[in-house]
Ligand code: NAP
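First, one chain by itself: the form predicted alone, in structure tokens.
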């Protein structure tokens, strides 16, 4: 029987790589996202249109899945990036980042826990960031949200260990995704900088002298979801090419 994985934000970037890898490893994957992958690359997963800021909608979709399947893995991956310091972050900006990055995770975890508790088994993965460990310039709201996800992983791990439910946060560094390219494009439009030069500078900031790839993050997530990681919980798993070791 296939194991069941629910992922939020699985239609692009790291999320799409996770969907594809889990499908390849014989998981039944339910992708909760605003829209399916534009390339159709997630077609072997079960797509459910979902706005993670709508807590009731998230709860209803996950409850429906749990009615028909045993949910083994939840991956809270949906998120947005926002670049600004605290003075340039409006209340609306802060709300938007937190509603998607943090409340979206809250909604998904809260919805899946009754099923996992009943089964006395489960793995919860939250997509945090290297910014859960270190600060970066012009990243007030985003950094705050990713630190919150790290906290959620640790408190959930402690609260539900007695049910054999594990919770961990994955903390990627700079990964080459559509979100990365969007952020670089936005910066270049504002500053007039050359994109190729900015991209090279980003690579040189990493001790391994390159950016991470979504497939590499997916491999770590697959390991953490598996029984090979059954003694790992409450941890922040960094995959950043050595950036935070500096």
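It should be emphasised that the depicted structure is a prediction, and the values quoted were computed from it without experimental measurement. Numbering follows the first chain given and starts at 1.
Only in words, not in the display: the form predicted in complex with this ligand, which the text now covers.
- Here the marked residues 166, 226 and 241 all miss this ligand in the model of the complex; none has a heavy atom within 4.5 angstroms.
- At the 4.5 Å threshold, heavy atoms of residue 216 stay clear of this ligand in the model of the complex, well away from it.
- Within this chain, residue 34 lines the site of this ligand in the model of the complex, having a heavy atom no more than 4.5 Å away.
- Contact check for residue 122: every heavy atom lies farther than 4.5 Å from this ligand in the model of the complex.
- Using a 4.5 angstroms limit between non-hydrogen atoms, residue 174 touches this ligand in the model of the complex.
- 179 is the sole member of 220, 198, 179, 55 with a non-hydrogen atom within 4.5 Å of this ligand in the model of the complex.
- Here the chain stands by itself, but in the model of the complex one stretch of 85-93, 126-134, 157-165, 108-116, 126-134, has heavy atoms within 4.5 Å of this ligand.
- Although this ligand is not shown here, in the model of the complex the stretch 12-26 places heavy atoms of 12, 13, 14, 15 within 4.5 Å of it, in sequence order.
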